[in-house]
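Given next, in structure tokens, is a single chain: the form predicted alone.
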Amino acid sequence: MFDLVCLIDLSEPARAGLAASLKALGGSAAPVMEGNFNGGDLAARFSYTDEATYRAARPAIDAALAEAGATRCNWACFERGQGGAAAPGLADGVWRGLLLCADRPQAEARLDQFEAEMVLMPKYIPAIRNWRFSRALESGGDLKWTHVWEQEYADIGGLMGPYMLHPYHWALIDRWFDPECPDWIVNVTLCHSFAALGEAALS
């Protein structure tokens, strides 16, 4: 499977119309929730059977963004990476997407270690109901994004509480994101976005 995540900046009057247009093109789309960081105004997600299908569909998506007057779009397309589903079919939860750029100079082994630790988070943080961690094939926006870290939660409390405050997160994972730590490899510019997409995006 081949997926696309778009975090779109645009004026408030245009959001409902663009969400409807993107849904008509086969995607999921919803306004982002308060508390996001560099996460856009509207989050959209698309799934395709393969890359060729994505390539054929992309011009219509770009046209919809242009027609709506989108001022910025941070996006990444990717083949599905590692994932898991503790709550298959979770349609009324909260989807969270993190676009990150691991652009610091490092050996491939260090990048492998980073990825291995990231995908262990659901083992220790049960609030993560469904998840997927993927390397981006192509991306655009503020940076050339290298990874997409997606999760689904039963509600926003699972993201803001048990996830963000869990010791595995702040004691182990955060060091990859901290410029004051020798293990730092992730650019400090991130896209942290979350929305109620109204459907099961990851299962």
Partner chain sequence: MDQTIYIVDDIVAAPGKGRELLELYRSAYAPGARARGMVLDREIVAPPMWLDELSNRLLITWTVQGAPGWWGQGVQSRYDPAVAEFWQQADGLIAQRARYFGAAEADVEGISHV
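Predicted, not measured: the structure shown is a model, and the values here were computed from it. Positions refer to the first chain, counted from 1.
Note that the form predicted together with the partner chain isn't included here; everything after this is about it.
Student: So which of 138, 67, 178, 51 gets a non-hydrogen atom within 4.5 Å of the partner chain in the predicted bound form?
Tutor: If I apply the 4.5 Å criterion carefully, the residue I get is 178.
Student: Only one of 162, 26, 35, 31 has a non-hydrogen atom within 4.5 angstroms of the partner chain in the predicted bound form; which is it?
Tutor: The residue in contact is 162.
Student: Which single stretch, out of 140-148, 162-170, 59-67, 39-47, brings residue heavy atoms within 4.5 Å of the partner chain in the predicted bound form?
Tutor: Looking at the other structure, the answer is 162-170.
Student: Please run the contact check for residue 174 against the partner chain in the predicted bound form: heavy atoms, 4.5 angstroms, yes or no?
Tutor: The answer is yes: residue 174 has a heavy atom within 4.5 Å of the partner chain.
Student: Counting only non-hydrogen atoms and a 4.5 angstroms cut-off, does residue 182 reach the partner chain in the predicted bound form?
Tutor: Looking in the predicted bound form, residue contacts with the partner chain include residue 182, since a heavy atom lies within 4.5 Å.
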